Ligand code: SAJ
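First comes one chain, alone, set out as C-alpha cells in the form predicted alone.
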Amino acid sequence: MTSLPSRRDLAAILAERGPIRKIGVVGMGYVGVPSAVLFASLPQYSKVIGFQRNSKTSGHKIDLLNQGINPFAGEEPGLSALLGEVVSKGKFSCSPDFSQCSHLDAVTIAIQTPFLSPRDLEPDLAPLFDGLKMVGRNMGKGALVSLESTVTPGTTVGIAREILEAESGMAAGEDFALVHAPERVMVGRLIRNLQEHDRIVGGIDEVSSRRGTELYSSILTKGRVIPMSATSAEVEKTAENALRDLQIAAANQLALYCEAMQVNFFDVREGIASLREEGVTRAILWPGAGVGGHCLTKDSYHLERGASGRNIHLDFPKRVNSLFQSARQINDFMPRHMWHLLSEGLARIGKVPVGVKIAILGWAFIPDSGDFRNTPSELLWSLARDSGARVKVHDPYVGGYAGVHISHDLEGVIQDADAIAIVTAHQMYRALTPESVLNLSGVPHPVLVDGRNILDPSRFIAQGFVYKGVGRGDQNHHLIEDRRIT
C-alpha cells in the first residue's frame, strides 16, 4: 500500500466508537439495495438504513422497499427473499431523511454517475455531490464514509473529500474515515457478486483502509479484501471496465472480419480459446448487437480523464488513438451494424425499409433483466424509424421507456413482421422456432437478424428465412430456400 499513515486521533476515535453496528446505504439502485440487505442479514449489524431521495423517478422505491418488495424487474436470485426477511425482522428500512446518518457507524454511497448527454462524454456528478453533501451535513464524528460510485481517478481525495469536510466541519483522516470501495456487480447476479468477488478497498490513510476492510470483509463468503490507496482503487475500477470493453470490442471487430471473409466467428473463437497452457491465456469474449449498461459505456472515459487531468504529464505516442476510445467506437457501432444486416436482408427479398414492419426483440441491455440503461436497442430503433419502417419492440421485463412503446406480447410484436431483430439474449427468445415465427409473420421469407447467436441458423434457413447473424459470415449469404410451412 502507498497510502499515508493516519494520525492517532482517528484511530482513538474509532476504538472508542467500537465495531461497526449501524450502517447507511445511500442510493437504492442495483448496487445499494443488495448491499443493504446483505449487511442487514448479518447478526453483527443491528440496523441498516437505505437512503433514497423522494423524487418523481425513484421515490416509489421507498414504499416498495419498506414493504419488502423488490423494485427491480427480471431474474435476480436471492434478492427478493433476503429483502423480505430483513424487513420483516426490522433490520432494514428505507428513508429520505438523511438526518438519521448522525447515529450511523458507516455510510456507503452508491449513486450513479451517468453522462449529461451521450455526446459530451462528461459525467453528471450533481446527484453524487448532493448525496455527499447530505451525508457530510448529517454524519457524526468517527463515521466511515465509503464512496462506491465509479468516478474519475482523484475524486475521493479531491472533490469528494472537500465536500464532506466543508459540510461536516470535520477533517477526513482525523475526525472520520474515508475510502473508495468500488462496486463490482453485474445485474442478474448481484447477491452472488457481492459475496464472492474480491473487494477493492482504497483508503485515504491506513486507519481508513482498516475500517473499510472491517465493513466489507463481513459480507464476503469467498472473496477477499484487496487494500490500496483511494486513487489506486479508482484507477482499478475504471481500468477493469475499460479492459472488459476492450475485450468485447476485439471480439466484435473479429466478428466483422469473419463476416467479411464469410467464415464463422464462433468456430474461430473456439479454436482460439482452446489454447491453454501455463503462462498462456487466450481469453476471448463474445460479439453482439452492442454494449449497454451503466458501466462499460462510460468508465473508459473516466479513466482517460484521470490520466489527462490537470498537472498530469502523460507520455504517450503522438497521433495514436487511445485503445480504449477505439474500443468504445467499435462497440457503439454494433447496433448500426445490426441495421446494416437487417437492411441487407430486406434487400435480398426485394424490400426497402419504408413501410415494412420490423420487430425488435429485447430492450434490456442484459439477458433476463429489466435494466435498460444505455440500451443498444435504442439506436437500432431510431435507425429503423428514421428509415420509414414500422417498428414494434418486445421485452418481457421492461415496463416502459420514454418515447418508445415496449410490449409484453411477443406474438403480437412478431405478427405480420417482415423482419425480426434479436438484440437481447432473453431466455424466452431461445425457444423461438421457425414454425411459430413463420406462421406469425405470415410472409414467405421473413428476415431474421440474430445479434446474440442464440438461434440455429440452419433451422430457420431451411424454412425459408433470410438469416443474418453477427459473426456468421458462413451463413449470411445463404441461398434462400423455397420451402413453405403448411
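Source: prediction; values computed, not measured. Counting begins at 1, following the sequence as shown.
A second form of this protein, the form predicted in complex with the ligand, is not displayed here; the remarks below concern that form.
With the partner removed from view, the residue among 381, 365, 265, 176 that has a non-hydrogen atom within 4.5 Å of the ligand in the predicted complex turns out to be 365.
Scanning 208, 146, 241, 149 against the ligand in the predicted complex with a 4.5 Å heavy atom cut-off leaves one residue, 241. Partner contact region in the predicted complex: 365 to 373, out of 365 to 373, 131 to 139, 338 to 346, 97 to 105, criterion any non-hydrogen atom within 4.5 Å of the ligand. Shown alone here, residue 200 lies farther than 4.5 Å from the ligand in the predicted complex, counting heavy atoms only.
Contact annotation for residue 452: at least one heavy atom lies within 4.5 Å of the ligand in the predicted complex. Taking non-hydrogen atoms only, residue 189 approaches the ligand to within 4.5 angstroms in the predicted complex. Although the partner is absent here, residue 254 sits far enough away that none of its heavy atoms falls within 4.5 Å of the ligand in the predicted complex. Looking at 170 to 193, the residues that come within 4.5 Å of the ligand in the predicted complex, counting any heavy atom, are 183, 184, 185, 186, 189.
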